[in-house]
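Shown here is one chain on its own, the form predicted on its own, set out as structure tokens.
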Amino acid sequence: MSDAETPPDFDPVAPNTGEEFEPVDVFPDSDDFDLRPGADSCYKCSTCDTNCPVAEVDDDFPGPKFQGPEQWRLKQSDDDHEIDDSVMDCSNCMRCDNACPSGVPLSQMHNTARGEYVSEQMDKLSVEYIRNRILANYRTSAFLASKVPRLANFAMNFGPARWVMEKTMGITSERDFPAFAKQTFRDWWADRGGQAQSRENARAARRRRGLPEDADKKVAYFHGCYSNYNTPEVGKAMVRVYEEFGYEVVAPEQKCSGTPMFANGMLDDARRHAETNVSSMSELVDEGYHAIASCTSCSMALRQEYPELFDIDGIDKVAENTFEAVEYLRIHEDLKGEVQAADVDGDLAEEFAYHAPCHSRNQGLDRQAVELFRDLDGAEVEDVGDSCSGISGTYGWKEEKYEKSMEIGEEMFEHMEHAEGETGMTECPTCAMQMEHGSGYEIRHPLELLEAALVE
């Protein structure tokens, strides 16, 4: 037989194993989301670790790479492997998602691991668990406090009570609790006339602008907990600005976005809230509404964390139709042109020190306020850098993490001190707490400046 001839029983396509091939089931069937593609994409460059603000100040924290793909691989290969308790030191700032060059779903892995740790390993009678559960379910505490806001504001910042909370619950006494509003946003919304009044205001604005009175411009406002109970002025500004552009606003039934629950591993709680939010928002999306959030952590939850963590009917539809409030107007209106033609005076004729929240960076929104207000007469907005504020929702409220949160925020505080303005600006309510705590500045939301510039 010559060298050019092929053996008659040799098949160059299928290997001759001598028996029928059966693939090995490396990862058993599971109802969980398949994170293997993300884990396989990690090539251990450690970019996530070098961008992690917690790892920068805490030498004992192993970093996002370990908490994500490495721990996931260990869990898949060893049924007895327990989640390392350091996963509770992750602040859920999600900067690692933005930093990873390979698109590894790090925060999804962290949230999944944290949820498993809390569900299966954490002592439900421990002080840490009870403290975290209270912090994660801020909406419940705020709802109760809103019934007696004056009493709640006094009691929550009464020195001896704060000392007791720190010693018994581990809630730092270094911070002042945010004040509860005398009237919640939803109470104001109802007293004002709700959707019917908004429809009337929107139609009047369309007539002024020369638009068809029946133009299909309508949005569903996800105000979140903080704008409802603590800063209703942000919610009011959002409604008035949108009505000025001819949008009819509705404020549907809603619960917490779940952001503090994700950060504390309370995924069952988060799912219950998500089911309500997705149900109400998906029905409105079917009617032609878009979901609008004034808090960047809320928009991040609806857009990214919901579809990553839950399988709820309508969840992808809601995620695809959710926008941050200023972002939506930049897309659908000539917002920059309107701002350039406007001016602002009075209380908001200020120079602002602007901080972009980590969750706004994940959505590509970190420069929008600076760029938008650059040409607004009467106000100047200066970016105070790309560092994390350090508070990361409930992270900086924990006594054992307070000093770390302040160390993370030190760069931001220094930039604020050197900025021209002495009023801060940010879209995130807890970043606003940290900015005020570290600088003493009053903090405003971009929507408040838009209202001052555009709404008569």
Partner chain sequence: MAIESEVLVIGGGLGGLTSALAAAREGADVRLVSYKQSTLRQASGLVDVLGYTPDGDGPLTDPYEAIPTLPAEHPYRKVGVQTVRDALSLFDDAVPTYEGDHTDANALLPTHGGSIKPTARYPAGASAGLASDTRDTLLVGIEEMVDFDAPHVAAHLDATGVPFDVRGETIRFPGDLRADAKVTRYAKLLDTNSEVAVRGRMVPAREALAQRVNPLLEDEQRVGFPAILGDDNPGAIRDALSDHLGVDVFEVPMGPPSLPGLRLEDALFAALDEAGASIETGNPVVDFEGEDRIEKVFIEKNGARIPNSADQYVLATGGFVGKGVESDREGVYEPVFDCHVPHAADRYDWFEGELFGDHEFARYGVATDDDLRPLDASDDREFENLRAAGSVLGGYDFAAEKSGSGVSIATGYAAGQRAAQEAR
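These figures come from a predicted structure and were not determined experimentally. Positions refer to the first chain, counted from 1.
The form predicted in complex with the partner chain is left out here; the points below concern that form.
Here the chain stands alone, but in the predicted bound form its contact with the partner chain, taken as any heavy atom within 4.5 Å, falls in 333 to 341 among 346 to 354, 231 to 239, 107 to 115, 333 to 341.
Heavy atoms of Trp72 never reach within 4.5 Å of the partner chain in the predicted bound form, leaving it off the interface.
The partner chain in the predicted bound form comes within 4.5 Å of a heavy atom belonging to Glu371.
Heavy atoms of Gly63 reach within 4.5 Å of the partner chain in the predicted bound form, making it an interface residue.
Contact check for Cys42: no non-hydrogen atom falls within 4.5 Å of the partner chain in the predicted bound form. Annotated contacts: Val57, Asp97 and Gln363 all touch the partner chain in the predicted bound form [non-hydrogen atom within 4.5 angstroms]. This chain is displayed alone, yet in the predicted bound form one of Ser77, Gln183, Gln121, Ser102 has a heavy atom within 4.5 Å of the partner chain; that residue is Ser102. Contact annotation: of the candidates Asp214, Asp85, Asp313, Glu320, the single residue with a non-hydrogen atom within 4.5 angstroms of the partner chain in the predicted bound form is Glu320.
Contacts between stretch 370 to 408 and the partner chain, counted in the predicted bound form as any heavy atom lying within 4.5 Å, involve Glu371, Arg374, Asp386, Glu407, Ile408, listed in sequence order.
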